[in-house]
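Listed next as structure tokens is one chain, alone, in the form predicted alone.
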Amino acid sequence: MKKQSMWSLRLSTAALVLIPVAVGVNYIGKLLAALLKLPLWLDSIGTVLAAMLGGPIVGALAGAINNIIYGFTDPISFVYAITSVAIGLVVGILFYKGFISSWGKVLVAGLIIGLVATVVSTPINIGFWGGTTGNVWGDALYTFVLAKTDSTWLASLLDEIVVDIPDKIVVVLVSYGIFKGLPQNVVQLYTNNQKIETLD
């Protein structure tokens, strides 16, 4: 059976239901991280899962809608919709290409996704917040590096890296674990003609 293009926008009922579910999962992850005072965000688990199931476009839509909804109560979220779209696209592409098909590959994929999020978010951080991220650990490093080098770009980049890399690795690991735990008939609702056997 021919494998569908990863850019096929399959907005079936299942895909449409997936987007609000992804937003809800993102919220739960974000809330959990805040309650446990973790040095992570955990606010893109739903986006990553949506991209695995529905492809890069559905993942990007889930990410963008997530930030738009958050933005009504937290305007900061609006500007990071770009980062969420990038995460959804990259996860969808990596998953389609088989780079998220084992626990070892998931670690590498998490690193790649973290780097992408860092590259996209750093200019936003500099443009809106002077280079900080709002994360205590990252901003402590930002202050230290800025004092030593007087480079806002370097300080902001490292600030984002120390949070985004571990965050995205954990997020992709959790998302993959959820994906592996889904019943096969649920997975097939989304994969359609894609080859399920690559998921072992």
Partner chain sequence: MKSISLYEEKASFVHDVDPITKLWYIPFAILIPIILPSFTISFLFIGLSLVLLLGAKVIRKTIPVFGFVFLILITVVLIQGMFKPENETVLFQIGPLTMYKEGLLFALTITLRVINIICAFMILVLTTKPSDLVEALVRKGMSPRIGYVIVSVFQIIPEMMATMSTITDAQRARGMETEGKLLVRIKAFIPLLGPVVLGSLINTKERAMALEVRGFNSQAPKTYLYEEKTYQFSKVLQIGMLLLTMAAVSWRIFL
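Computed from a predicted structure; not experimentally measured. Numbering follows the first chain given and starts at 1.
One more form of this protein, predicted in complex with its partner chain, exists but is not displayed; see below.
Among V119, I76, I93, A81, the residue placing a heavy atom within 4.5 Å of its partner chain in the predicted bound form is I76. Taking the partner from elsewhere, Y27 is found to have a heavy atom lying within 4.5 Å of its partner chain in the predicted bound form. Put simply, P39 is close to its partner chain in the predicted bound form: some heavy atom of it is within 4.5 Å. For the chain shown alone, I57 is not a contact residue for its partner chain in the predicted bound form, no non-hydrogen atom being within 4.5 angstroms. Its partner chain in the predicted bound form is not approached by F99, whose heavy atoms all lie more than 4.5 angstroms from it. For the partner-free chain shown, L16, V17, L18, I19, P20, V21, V23, G24, V25, Y27, I28, G29, L31, L32, A33, L35, L36, K37, L38, P39 of 16 to 41 come within 4.5 angstroms of its partner chain in the predicted bound form, judged by any non-hydrogen atom.
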